[in-house]
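The form predicted on its own is given below as one chain in structure tokens.
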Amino acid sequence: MATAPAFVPVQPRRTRDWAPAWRGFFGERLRNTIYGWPEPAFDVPIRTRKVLGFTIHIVTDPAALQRVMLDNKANYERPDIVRRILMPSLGNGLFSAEGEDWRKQRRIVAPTFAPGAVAAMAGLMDAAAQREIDGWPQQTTRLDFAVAATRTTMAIIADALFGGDSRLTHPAAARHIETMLAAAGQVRLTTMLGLQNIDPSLTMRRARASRAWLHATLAALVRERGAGGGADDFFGGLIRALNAQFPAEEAAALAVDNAITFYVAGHETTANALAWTAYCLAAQPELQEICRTEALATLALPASERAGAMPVLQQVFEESLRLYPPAPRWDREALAGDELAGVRITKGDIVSIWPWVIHRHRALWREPDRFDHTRFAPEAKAKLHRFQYLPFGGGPRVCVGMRFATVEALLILARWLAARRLVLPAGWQPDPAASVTLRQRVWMILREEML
């Protein structure tokens, strides 16, 4: 039997060699951080560059990454420059905090994302996926899958964590988040100089307006709940726990910061992962049929058992995360000297970690640009270095919502595959664009009639 041709998903243009660092402050490289990566980056274990006085080490060696994120983690913290970029948007919530503040906040939120708690939320995840389908036209039509995914994951976060507050599912919210994140991911000179709040560019003016809207909306939710937290849900429990461990004013500020963190990160990354997985399935009809059959077979199961009963779909999802990691980059700053991949690291150096590059590195993966879901079959997955696959980060700061996001994505994909077949419009392909997260600029998926 003939086999389907290898599928190589789209990616932005690469260059033959490293470009001068200043090129990253202008044009497409400013707007899209995964554009123009040089071919040598996908071969070497580490590359050191000088950028505006900063020494930056781009590290792709798994053993070195393990040292940064786990074995010698105390020596590597989020850089001041990154905190300067993210603090206006995310404050000092779990994503931004360091040290004891981070540990306290992590302990507070961790029970919400434990296996039993996630299983208890599976029903509302499934219901949100079905509501999205119910709003689709019956006939064959085009669908912006990224928008559909965002609508669904926003509804799930609102229902699961914030008592279903309608302000968090308003279409304006998605627009403000997109504007804010697009600006936050751009390495601008004004930001590096600490002048982002007076940057006169249209991009930054819009970003400041979106940040203000988001902060005001979540601050209103905190005020309305009061120090007692109101309802017995994630948000209420968070407010009560913060008030038990921090002074009232600080607790209120941290409640807002964490509400923004979980609201934004809790739906944005999963929505992007869903859209990219849909693209990879639509481009491979035979594989889509296998996953569709698997999904249909699970619909009779309780929602809490369904995600674990779709091994091929899970492999497809994990391979899509490899090729399109939701967070394509993060950075750490060395607090003292060290050595990584044979290179001396000095105090103040920046270690730049790029899952976008690590997941496509030729020393780590066979034919890394090709889609091959069997990389994540149990026997193959067991052979991977724990720090060569980082869609949710690694070490103690691995994403606390990893299980939530995975179960959510599989339940949504199962409902959608069971209801429709996905087809790419003729001659169309997505255009990956990265800032803080990895998005697509245009996403048009053709749905055939309900079968």
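Start at 1 with the first residue shown and count on from there. All values reported here derive from a predicted model rather than from experimental measurement.
Quick note: we don't show the form predicted together with protoporphyrin IX containing FE, though the next part is all about it.
J.: Quick check: do P9, C280 and F376 each get a heavy atom within 4.5 Å of protoporphyrin IX containing FE in the model of the complex?
T.: Heavy-atom distance to protoporphyrin IX containing FE in the model of the complex: none of the three under 4.5 Å.
J.: Which one, L424, V51, A41, C399, lies within 4.5 Å of protoporphyrin IX containing FE in the model of the complex by heavy atoms?
T.: Selected residue: C399.
J.: Please pick, from A405, L413, I34, V68, the one residue with any non-hydrogen atom lying within 4.5 angstroms of protoporphyrin IX containing FE in the model of the complex.
T.: So the residue touching protoporphyrin IX containing FE in the model of the complex, by this definition, is A405.
J.: Could you confirm whether F392 comes within 4.5 Å of protoporphyrin IX containing FE in the model of the complex, counting heavy atoms only?
T.: Taking the distances in the model of the complex, the answer for F392 is yes, it comes within 4.5 Å of protoporphyrin IX containing FE.
J.: Does any heavy atom of R78 come within 4.5 Å of a heavy atom of protoporphyrin IX containing FE in the model of the complex?
T.: Close contact exists here: in the model of the complex, R78 approaches protoporphyrin IX containing FE to within 4.5 Å, heavy atoms only.
J.: How about R344: is it within 4.5 Å of protoporphyrin IX containing FE in the model of the complex, going by heavy atoms?
T.: Flag for R344 set to no.
J.: Please tell me whether any heavy atom belonging to T152 falls inside 4.5 Å of a heavy atom of protoporphyrin IX containing FE, as the geometry stands in the model of the complex.
T.: The answer is no: T152 has no heavy atom within 4.5 Å of protoporphyrin IX containing FE.
J.: Counting any heavy atom within 4.5 Å as contact, can you tell me which stretch out of 100 to 108, 136 to 144, 223 to 231, 247 to 255 lines protoporphyrin IX containing FE in the model of the complex?
T.: Answer to the contact question: 100 to 108.
J.: Can you name the residues of 93 to 113 that have a heavy atom within 4.5 Å of protoporphyrin IX containing FE in the model of the complex?
T.: L94, F95, W102, R106, F113 sit within 4.5 Å of the partner.
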